[in-house]
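Next comes just one chain, in structure tokens: the form predicted alone.
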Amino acid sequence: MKAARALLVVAGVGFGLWGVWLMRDFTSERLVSAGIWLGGGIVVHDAVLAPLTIAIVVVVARLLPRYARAPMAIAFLVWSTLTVVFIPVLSGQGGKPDNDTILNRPYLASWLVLTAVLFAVALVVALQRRSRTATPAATAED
């Protein structure tokens, strides 16, 4: 375990140094922009996303039955992470009106399909968990 952890630390430091190496030709304006982006990401995560996620999990955990909590929590974690990745294309950032080859896909429809499939799979898993836990009790009652 210590070897794996050390390997991950070495890989992380290596990737960090590679990132710094790639930024060696940045102008001061681009460095400031990158710093704002990195700092903004941390602030948005710690001040908005993490508290919101905890609040949603607390509320939903009280509403869902026990067998559905784990599959829905995993689905929510995957969905929220992918939604953050989808935000730039859903908001149209990077698109140019004079170039219709950029951001020319139905990203909202893709995100909705992803959401539906993800939570449908979580629902199927939750129902399987319910049937597995209900079977011994039903047998005991018979």
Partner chain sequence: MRLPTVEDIERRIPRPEDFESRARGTQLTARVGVALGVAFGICFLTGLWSHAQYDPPGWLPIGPQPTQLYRITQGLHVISGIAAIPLLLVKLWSAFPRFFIRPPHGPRALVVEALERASIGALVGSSIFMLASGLLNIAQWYPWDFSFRATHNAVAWVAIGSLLVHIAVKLPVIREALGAPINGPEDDPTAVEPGSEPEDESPGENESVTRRTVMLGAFASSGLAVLLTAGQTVPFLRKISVFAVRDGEGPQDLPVNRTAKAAGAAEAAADPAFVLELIVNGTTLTLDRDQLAALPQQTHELPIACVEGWSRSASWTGVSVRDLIEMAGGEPRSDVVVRSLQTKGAFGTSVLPAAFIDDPRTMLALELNGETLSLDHGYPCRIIAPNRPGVLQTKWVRQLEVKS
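Numbering follows the first chain given and starts at 1. Since the structure is predicted, the reported quantities are computational estimates derived from the model, not experimental observations.
Keep in mind that the form predicted in complex with the partner chain is missing from the display, and what follows is about it.
Undergrad: Should residue 34 be counted as a contact of the partner chain in the predicted bound form, where contact means heavy atoms within 4.5 Å?
TA: Result yes; residue 34 sits at the interface with the partner chain in the predicted bound form.
Undergrad: In the predicted bound form, does residue 102 come within 4.5 Å of the partner chain, counting heavy atoms only?
TA: Heavy-atom contact with the partner chain at 4.5 Å: present for residue 102.
Undergrad: Taking any heavy atom pair closer than or equal to 4.5 Å as contact, tell me whether residue 50 reaches the partner chain in the predicted bound form.
TA: The answer is yes: residue 50 has a heavy atom within 4.5 Å of the partner chain.
Undergrad: Does at least one non-hydrogen atom of residue 11 fall within 4.5 angstroms of the partner chain in the predicted bound form?
TA: Contact check for residue 11: yes, within 4.5 Å of the partner chain in the predicted bound form.
Undergrad: Can you tell me which residues in 26-46 come within 4.5 angstroms of the partner chain in the predicted bound form, by heavy atoms?
TA: Going through 26-46 in order - heavy atoms within 4.5 Å of the partner chain in the predicted bound form - the hits are 26, 29, 30, 33, 34, 37, 38, 41, 42, 45, 46.
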